[in-house]
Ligand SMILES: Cc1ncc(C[n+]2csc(CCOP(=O)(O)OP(=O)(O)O)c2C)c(N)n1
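Here we start with a single chain on its own, the form predicted on its own, put down as structure tokens.
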């Protein structure tokens, strides 16, 4: 006999069960106003209570075939695939069906490893299976992770998931964040969102939450990411066991960049004031501790951990100190730990409506990180053409195929000379994406990451969408590069072109997407002409970037600001990175 489960388990917190549960059941009208938060803030980490069970198939892990590369964890749009290394003794009370194997990574030799799927939160997109590089030699049609019927596995995998969550997360200080196989053991603080199955945006958002989430502040522009990121009744942004997680808020298309800049300015002012107060209470906490805090580098996970320990010591020493400075210091001490500001949105915001604000923010020189998830179309608002839409694509307001080329947002940002700029595509080169995120956050100034994000609005097979990104890069439709102004100080060209020259015609990948292919049916002559122009766009753009990346900076005066004059630049042999 089948029976309907309650919308929220009885084990959920009272507010989640009695208030959010009512909304999920579409009984929100029955809630009195007094039941809602008076200040408009809602608890984070509540998507984990929904257990939507929307898919008929979920991925199942085969530990005997797995190479433990971490790719399936990285591309999962809803954070339902997790990996951990742990001591073997922790398996003593494991469920009978819980899977584990020996860790292959030598840094964790002697430990056990598990990849676990959240069966009731998975959307069944299958992207993980598509990108898995490990094939079963005895059964070539199967890989290290394979789609299986959800219903027969639901109960056992629910128990396995709960046990997995109870295993301790690896110490972040012991992980190499520049290696995907270890970095993906970092706990995601963005999980189980309401994004489309196979979404191309959420893996980037999740990556931010893994790398910097316990100290990040996120300004989110209106769009898909604000809907799946902060849509009631539940919230995917969450916190770790220490209660730390991203602080998130949404602003409008037209002012989100300035909104995020305000975060940075406020945080800087708070940390400056905290540093001043710390020196005033040095007699109570000790000069050595004050010097250690004020001179801490805070560049690595270990640095951040040590700074938090120092701040905790300050708080402990100031307990009971009856002075205005000490009391105020207790409210501001946490600002002495470095915060990571992220300004996040789509191409409709960054290329179009919010471009003026974005330009203002990168020109400010302040230390903010900007992530543009480029779907090349207004996705959430109805599929309208944006300035990021490439030539020949069909969209609203471009029913006959967009007649003009795509705006080059990255090149515009590079003209300032002091902005870190990267163009990435996770499905094409995941390690390049990870490197760009780490470099961008480490850069002391404005950074801009433009991330190709496939979208259901493209009219594509979402299961193979990550693999399809490779085709875009191989044809030159999407370039991979990093522009790092810090290289100028070393006398090096700041632009690193990380893409090989295009080896496939653009038509091969374009006509795998309905947004281009439909024009061949409605207006074949126009489609043919626009295709030729699109190919010329790609050829011209690659040639320009190849030329810029090959130029060698010579700075006789040793003063580099990224804007070298032509007399100080020579063209050597091609120096692109493959």
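Computed from a prediction, not measured in an experiment: that's the story for all the values here. Residue numbers count along the first chain shown, from 1.
There is also a form predicted in complex with the ligand; it is not shown, and the following applies to it.
In the predicted bound form, the ligand lies within 4.5 Å of some heavy atom of residue 224.
When the ligand is considered in the predicted bound form, residue 353 lines it closely, a heavy atom lying within 4.5 Å. Using a 4.5 Å cutoff between non-hydrogen atoms, residue 346 counts as a contact of the ligand in the predicted bound form.
At the 4.5 Å threshold, heavy atoms of residue 378 reach the ligand in the predicted bound form.
Heavy atoms within 4.5 Å of the ligand in the predicted bound form map, among the stretches 363 to 371, 330 to 338, 94 to 102, 248 to 256, onto 248 to 256 alone. In the predicted bound form, the ligand lies beyond 4.5 angstroms of every heavy atom of every residue of 227 to 242.
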